[in-house]
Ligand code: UD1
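First, one chain by itself in structure tokens, the form predicted on its own.
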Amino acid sequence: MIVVKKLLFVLGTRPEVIKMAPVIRAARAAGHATTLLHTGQHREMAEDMLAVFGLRPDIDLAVMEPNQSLFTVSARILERFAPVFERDRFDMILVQGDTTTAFMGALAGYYTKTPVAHIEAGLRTNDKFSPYPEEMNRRLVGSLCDLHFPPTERARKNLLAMGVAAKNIHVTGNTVIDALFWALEMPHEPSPEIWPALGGNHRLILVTTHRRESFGEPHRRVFRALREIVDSAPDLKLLLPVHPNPNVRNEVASMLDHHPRILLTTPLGYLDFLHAMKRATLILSDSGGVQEEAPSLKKPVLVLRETTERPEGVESGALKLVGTDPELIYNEAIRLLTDPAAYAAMTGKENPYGDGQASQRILRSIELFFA
């Protein structure tokens, strides 16, 4: 017999909502009491995702302010946790990934002696400034939590290397694949904003880039390469949803605006983005979620980073690191666009990040923890 537990799901960004949603669904289906706490770290993008999956926060910390620093957002989240735990107690806190929300949620669990479970645990680049601040967030969460759910065997070994007890580590796959399969079953009509990119017989390149370490000259190098790629063939179009960060927005506008075959849009809703990935011939991205999702859609990804905490995709051949070197970006993109054998080598792989059953494995491990 399963004992009903009070589970607090802490989320605040778009990726956290995507990757938490299948676990929340599984917990509710099993009859557990679920409370959703939204920090508001990403306001509009996270709210769009909550609507897609039919979720409504029970608690909203509303911490988001324009151009806030890591100091202020961290302090504000942690401070606003205090009255939540003064009002109520929970059997377990669940955090996801490597955000400031996840770190502060785990720290709140430690302060209140509440068990913490970490979804997508054990990812490492071993460079504390890349990605920044995500690499240190995930390391610090790992030192604070009680249950660790790494998506892969490599991530499990990373946790063992930092001294986590094997009995507290459960390899589950990544819940982003659960969410992907769930979302692909939803009826959806793409928005008019992206129809110029989705319609027609052209080949489509989909690009996302938003990492802090790429602001400034690294981004400018990437954008120079993108223009050259699009100019290399008249049947190429490029779709770039622009991250709301003003640093990214200004850099994109200064270098890519007004090109007839480059479509710059506002950030896409989740379902629109999945349809764009399905339509794309090639994806260039610094997003961790894209690295995980694209192999399930059989799309090659050139990763716009010098390192990745998802090396399994690189080792399988489904991903290739190109960093922000414009010559390397251009050459690798052209190779995939002109060499069918090279393209097939990257797209004929099984997804190393999951099979769509991660959420069920996570829930079983939580129930065994309490049993």
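Counting begins at 1, following the sequence as shown. Remember, it's a predicted structure, so these values are computed and weren't measured experimentally.
What comes next is about the form predicted in complex with this ligand, which does not appear here.
Novice: Taking heavy atoms and a 4.5 Å cut-off, does A344 contact this ligand in the model of the complex?
Specialist: No, no contact at 4.5 Å.
Novice: Wondering, does R211 line up within 4.5 Å of this ligand in the model of the complex on heavy atoms?
Specialist: Heavy-atom contact with this ligand at 4.5 Å: present for R211.
Novice: I'd like to check something about N351: if you look in the model of the complex, is any of its heavy atoms closer than or equal to 4.5 Å to a heavy atom of this ligand?
Specialist: No.
Novice: Report yes if any heavy atom of R43 sits within 4.5 Å of a heavy atom of this ligand in the model of the complex; otherwise report no.
Specialist: R43 belongs to the contact set for this ligand.
Novice: Under a 4.5 angstroms heavy atom criterion, identify the one residue in R154, R261, H243, R139 near this ligand in the model of the complex.
Specialist: For this set of options, the contacting one is H243.
Novice: What stretch, of 225-233, 190-198, 104-112, 129-137, brings heavy atoms to within 4.5 Å of this ligand in the model of the complex?
Specialist: Answer to the contact question: 129-137.
Novice: In sequence order, which positions of 97-134 have a non-hydrogen atom within 4.5 Å of this ligand in the model of the complex?
Specialist: The stretch touches the partner through D98, T99, T100, P133, E134.
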